[in-house]
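Given next, in structure tokens, is a single chain: the form predicted on its own.
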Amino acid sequence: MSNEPGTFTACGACAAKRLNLCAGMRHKPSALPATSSARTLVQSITARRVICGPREWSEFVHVICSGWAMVSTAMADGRRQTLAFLLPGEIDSTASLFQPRFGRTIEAITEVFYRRFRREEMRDTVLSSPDLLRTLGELWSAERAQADDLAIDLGRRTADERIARLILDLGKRLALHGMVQEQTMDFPLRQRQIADATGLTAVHVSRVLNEFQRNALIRIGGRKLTILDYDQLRRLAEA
């Protein structure tokens, strides 16, 4: 990362390179107008700030370069359901390439560096590249599976099973980018954020996490989580 405000130059180390979306956009200058947002620098935002509000999805698609964010939807009475946690290298939603996702909010959990592209430009670039289209299909399939799992979690699984599955899913996704060391990963989530993602109360989440630690399944501290007994945690998640 450079010292110039608003820039992010370590693209070679960026987890988003797995998507090849940024590179694909940059390598097609003839398809982009001089004022294209794809030519802008990566933007940054501090923790707990909104990246995209529920009425601001009409024009842009977001790719997370570093940091953690979440996508959520709120009910009229203030209750919120977190639909997805966004990790480095992930797009806000594959569906957002084709139509706005109104009603959803993207919020930074940690400091986040992200790049945003105009929807039409990114869609045209992806559809013109077989490699990017194949990657998009894989991402869509993964998102569809996560949506199915969320429905089953909220409808049928116990609190222990939901939280165990969340931990294992985050660990698997972070491991794809080499961001897990000896079963230890970043874990900046607050209990309320976990509660909103699992359909539980913060008190219930606290009880389950404390139980997991007493049983030596995990260790949490310093915004890190270490899986101490992977096999037992997996058995619990798959119960």
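Keep in mind that what you see is a predicted model, and the values were worked out from it rather than measured. One-based numbering along the sequence shown.
This protein has a second form, the form predicted in complex with a further copy of the same chain, left out of what is shown; the following refers to that one.
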query	finding
E56, R219 and I227 each touching a further copy of the same chain in the model of the complex (heavy atom, 4.5 Å)	no
a further copy of the same chain contact at R116 in the model of the complex, heavy atom, 4.5 Å	no
Touches a further copy of the same chain in the model of the complex: D131 (any heavy atom, 4.5 Å)	no
Residue contact check: E111 to a further copy of the same chain in the model of the complex, 4.5 Å heavy atom	no
a further copy of the same chain contact in the model of the complex: T125, any heavy atom under 4.5 Å	no
Answer option from M185, I45, A195, M70, heavy atom within 4.5 Å of a further copy of the same chain in the model of the complex	A195
Residues from 128 to 163 in contact with a further copy of the same chain (non-hydrogen atom within 4.5 Å) in the model of the complex	L133, G137, E138, W140, S141, E143, R144, A145, A147, D148, D149, L150, A151, I152, L154, G155, R156, R157, T158, E161
